[in-house]
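One chain comes next, on its own, written as structure tokens: the form predicted on its own.
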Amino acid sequence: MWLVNLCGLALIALIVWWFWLYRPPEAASLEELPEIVVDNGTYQPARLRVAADTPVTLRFLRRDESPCAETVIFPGLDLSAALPLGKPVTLQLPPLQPGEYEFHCQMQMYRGVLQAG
């Protein structure tokens, strides 16, 4: 019985880490048009650094068949885009003020951050 409880606690800890505590280790700098790959429950890269006060162009490629991966949302910019499976989607962002802008899927399971500065 204690083994079942231990496994349950480990699973709960993994879920908490994955959905609330995990942060990508480093921001990728956008010098050229990057391809953000949506696969295995993540955006890769999930942390991007861009210049402030300049328009930004992002390209997403969805490889994950999960329905959650169908949409990317930038709530701070009031912007979203549909991501068809296997087809690149280019998204134009307006000039950004310095700061961090989160992006995620509609259920907030896939998450990323855009750093303008």
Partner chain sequence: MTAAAISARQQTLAVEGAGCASCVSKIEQALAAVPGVERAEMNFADRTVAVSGSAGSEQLIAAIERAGYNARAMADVPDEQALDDKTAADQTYYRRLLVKMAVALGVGVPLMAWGLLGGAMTVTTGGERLAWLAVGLATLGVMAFSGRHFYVGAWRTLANHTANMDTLIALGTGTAWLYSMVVVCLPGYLPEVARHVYFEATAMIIGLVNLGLALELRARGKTSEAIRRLIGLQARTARVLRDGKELDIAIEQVLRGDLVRVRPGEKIPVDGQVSEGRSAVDESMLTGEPMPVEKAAGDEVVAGTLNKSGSIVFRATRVGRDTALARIIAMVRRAQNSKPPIGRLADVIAAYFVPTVMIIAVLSALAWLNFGPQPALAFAIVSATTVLIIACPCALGLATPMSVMVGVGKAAEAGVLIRNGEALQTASKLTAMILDKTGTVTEGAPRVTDVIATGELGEDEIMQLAAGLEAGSEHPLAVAILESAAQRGVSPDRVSGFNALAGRGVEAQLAGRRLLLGNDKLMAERGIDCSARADVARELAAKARTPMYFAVDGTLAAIIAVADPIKADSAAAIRRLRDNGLRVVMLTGDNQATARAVAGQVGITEFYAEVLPEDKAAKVAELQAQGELVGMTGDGINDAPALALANVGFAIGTGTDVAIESADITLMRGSLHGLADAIAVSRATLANIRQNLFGAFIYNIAGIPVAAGVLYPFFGVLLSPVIAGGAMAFSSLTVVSNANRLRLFRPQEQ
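Small disclaimer: the values here were computed from a predicted structure and weren't measured. Here, rigid core means the biggest group of C-alpha atoms that superpose within 1.5 Å across both forms. Numbering follows the first chain given and starts at 1.
Another form exists, predicted in complex with the partner chain; not displayed. Remarks below refer to it.
Of the heavy atoms in T54, none are within 4.5 Å of the partner chain in the predicted bound form.
For F60, no non-hydrogen atom is located within 4.5 Å of the partner chain in the predicted bound form, even though that partner is not displayed.
Though the partner is left out of this view, G41 does reach within 4.5 Å of the partner chain in the predicted bound form, counting heavy atoms only. By the criterion of a heavy atom within 4.5 Å, G117 is excluded from the residues contacting the partner chain in the predicted bound form. In the predicted bound form, the partner chain lies within 4.5 angstroms of at least one heavy atom of each of the following residues of 51-72: T57, R59, E65, S66, P67, C68, E70, T71, in sequence order. Remark: with the core as the superposition reference, the CA shift of L9 between this form and the one not shown reaches 2 Å or more.
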